[in-house]
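Taking the form predicted on its own, here's one chain by itself in C-alpha cells.
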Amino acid sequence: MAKISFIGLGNMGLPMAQNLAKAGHDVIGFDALPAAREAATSAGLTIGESNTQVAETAEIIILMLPNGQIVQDVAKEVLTTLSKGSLLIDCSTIDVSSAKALHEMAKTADVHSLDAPVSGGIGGAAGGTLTFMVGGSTEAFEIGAPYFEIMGQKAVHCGDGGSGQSAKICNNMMLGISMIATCEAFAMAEKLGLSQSALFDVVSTSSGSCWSVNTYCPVPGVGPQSPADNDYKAGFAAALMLKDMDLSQQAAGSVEAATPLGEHATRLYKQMVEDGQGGADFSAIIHHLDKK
C-alpha cells in the first residue's frame, strides 16, 4: 500500500481521497480552507498541518485545486520536500500552459508527473467512476494507473505533458455547446406544441442523440434522472462550465483554432453566471435561453 498525500479536499477531492483510503492506502490530506479540513476530518480522513508537511513522506501526491496559478504555487511548495522518483498527479482542470509548467518543475525536481483532469462530476468522484484524461510520460502513467483504477472507471493516456488538459477542455467545450443545442431544441419543441417526452423518444435514438439528451436531459421528468429533476441543483455548476469554456477559448486563441460555437456558448454561460445563476446546474441554461 502506498503513502498518498491529497491536497484539495473540496466536493471532488474529498471523495476521491476517501476512495483511496478505503482501498487500504495510507492517505493524508490537506486543504487551505479550514471548513474543508473540518469536513474531511469528520469524514474520517487524516489531515496534515500544511502542504509541505503532508508531502514529506508521500510516494504519491495528488492535487485537486481551483486554477492554474494555485496549482503552480502549491507545486513549488511540495516539490521542495517530495522524494526523487515520487509521483505528482494534478487532477485539477487548469490551462494547458500551467500544466506544462508543472511538468517542467517536476522534471527539474526529478519527480514523475501527470496532468489528469477528470470527467464524471461529484457523483463519479463518490462512486469511483470518474474518467481520467492523462498527460505525461508512459512511465509516469504506468505508476499512476493503479490509483486511477481506484478513483475511476477509465484512464486514457492522451500523450505528453499537457495532453490531459487539452483533452479535457476539448471535451467540455463540446459538452457546453451540445447542452445549449439540446436546451434550444426542447424549448422550441414546447413552443411548437410538441411533447418533450416525444422529442426525447425521437432524439435519443436518432441523429440528434448525445450525452446532453440521453443522460443529462435538461427537462424534468424526461429521460433518466438528472439535475433537472432536482430543481437544477448542481451536478456540474454553471460557474464551473464557464471556467472550462473560458479555458477552451484561451487554448483556441493560443493556437489560432476557429471555435465560433465555443465562443458563442462561452458568452451565453457568462450571461447566465452574471444573472446570478452560477451555482445552478449548467443545464439550467434552458431557463436563461427561454427568457431571451
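Note that residue numbering follows the sequence shown and begins at 1. Because the structure is predicted, anything quoted here is derived from the model rather than measured.
Below, we refer to the form predicted together with a small molecule, which is not included among the displayed structures.
- Put simply, G121 is close to the small molecule in the predicted bound form: some heavy atom of it is within 4.5 Å.
- The small molecule in the predicted bound form is not approached by A17, whose heavy atoms all lie more than 4.5 angstroms from it.
- In the predicted bound form, the small molecule sits within 4.5 Å of a heavy atom belonging to G10.
- Under a 4.5 angstroms non-hydrogen atom cutoff, the small molecule in the predicted bound form has V74 among its neighbouring residues.
- Comparing 258-266, 240-248, 221-229, 41-49 against the small molecule in the predicted bound form, the single stretch with non-hydrogen atoms within 4.5 angstroms of it is 240-248.
- None of V27, V54, I60, M64 but one reaches within 4.5 angstroms of the small molecule in the predicted bound form through a heavy atom, and that residue is M64.
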